[in-house]
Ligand SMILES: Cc1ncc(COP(=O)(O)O)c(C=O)c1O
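The chain below stands alone, shown as structure tokens; this is the form predicted alone.
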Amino acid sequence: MSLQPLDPASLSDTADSALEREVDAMLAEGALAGTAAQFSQPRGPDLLARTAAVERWHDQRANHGLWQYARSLEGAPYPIASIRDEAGTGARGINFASQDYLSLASHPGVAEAAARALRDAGPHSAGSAVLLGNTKTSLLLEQAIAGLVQAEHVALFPTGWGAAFGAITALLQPQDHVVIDQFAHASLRQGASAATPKVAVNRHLDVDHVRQLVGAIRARDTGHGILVVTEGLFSMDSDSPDLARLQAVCHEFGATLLVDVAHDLGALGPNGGGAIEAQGMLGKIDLVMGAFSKTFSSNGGFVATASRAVKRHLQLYAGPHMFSNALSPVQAAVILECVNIVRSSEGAALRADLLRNAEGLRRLLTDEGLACMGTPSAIVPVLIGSEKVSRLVGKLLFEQSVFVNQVEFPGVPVGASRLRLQLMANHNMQQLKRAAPVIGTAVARARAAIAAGEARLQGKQGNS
């Protein structure tokens, strides 16, 4: 796989004047201004026409190469990959933007499992899981997931989003309560809002705050349910809650704990059981839900429980389970093969490779003066703060053939923009060592260029 040369020196003084002129144009035209929060609640009688404002904002950014969304991957999500931006501009470089944590999407055994399922069962489940959409493979997958998370009963969903939204909306009634981490995934937050108006948000990872909220709810309402919602590994911060303490709080007040393990299951834990296994909590969490789109090379999701009655309730009342077609035979076969690899000695070796990469990249980026958030995992978030800076960094890195996800609202709060680098087991130290100084230089140049550009703009406005 040939690769364009990465040279931090090319982002040096010789290019500064051109960057200054470009930043001046961006600031003058408003390409660096605003956030998606400004356009999230449009007003007006015409539902379609009132979307024009966000398109104008998009155009301002896209005209300067600052639109980070809707890029496309050409080929498999390898560590070295070719991508195109929405405008069709292509580049080939080091890929930190794909979610394939154990590199199983390119595993020959996974490809063979997909081909075999396609030959044997075809491409289509042809029904919801309740109405003949299950297959022999999907039933085997339920058993495999049950073994991985040590919860006997598993309901499969066509997407991870559907599993989160479906579980919460099926189990809660409008009179029930939700206590949810402030940084929980949108699928969990929207599920909570759709299920009940009684939603309380706890400070991130703050178990004492959870206890305070749950205790106050139970003190005034002994007749309705309380669901506490958190994640095993938060995907924007790469940190984890104290699951034992959270489950103890739930037991104390008669609440139920739901843990979303989308980003850690398979990729963390001695045997791939994720944060729950790492914290010694396998088989002890009330509800475990997750997605197959990170480590397991497919779409789809699941909810696991110790209760057969809970699974039955989800089958009947979780809309995405009842009213969406089930996982296809190919998807189920791919996920099942990935689970088998995760639980094998090969899976243990891949997790060791992934952790080595995570620790190595965090060390290299820290040496560049960057602030890596959270703890070592497949996700390496680099806090930037300013949306203006992170947008310019994203553009500079794309031009230097380093692909990262530049994240801002609605992915994170306004003013907390960051680069989210996603590692794979098949990344190597040479790639990390090539990329880290380019990232460090890009961040430094972007901060300096925007600060200088804003000072020049203020000077011009003051003289006018």
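This is a predicted model, so every value here is computed, not measured. Each residue number is its position in the shown sequence, starting from 1.
What comes next is about the form predicted together with the named molecule, which does not appear here.
May I ask whether Glu231, Met289 and Gly300 each come within 4.5 Å of the named molecule in the model of the complex, counting any non-hydrogen atom?
All of them do, each having a heavy atom within 4.5 Å of the partner.
Given the stretches 215-223, 335-343, 258-266, 147-155, which is the single one in contact with the named molecule in the model of the complex, using a heavy atom cutoff of 4.5 Å?
Among the listed stretches, the partner-contacting one is 258-266.
Can you tell me whether His185 touches the named molecule? I mean in the model of the complex, with a 4.5 angstroms heavy atom cut-off.
Output for His185 is yes: heavy atoms within 4.5 Å of the named molecule.
So in the model of the complex, does any heavy atom of Ser324 sit within 4.5 Å of the named molecule?
Output for Ser324 is no: heavy atoms all beyond 4.5 Å of the named molecule.
Does the named molecule get within 4.5 angstroms of any non-hydrogen atom of Arg391 in the model of the complex?
No - in the model of the complex, heavy atoms of Arg391 and the named molecule never come within 4.5 Å of each other.
Does any heavy atom of Gly160 come within 4.5 Å of a heavy atom of the named molecule in the model of the complex?
Gly160: yes, in contact with the named molecule in the model of the complex.
Find the only residue in Thr169, Ser138, Ser293, Gln247 having a heavy atom within 4.5 Å of the named molecule in the model of the complex.
That would be Ser293.
So the named molecule isn't shown here. In the model of the complex, which residue out of Ser386, Ser125, Ser103, Ser235 has a non-hydrogen atom within 4.5 Å of it?
Selected option: Ser235.
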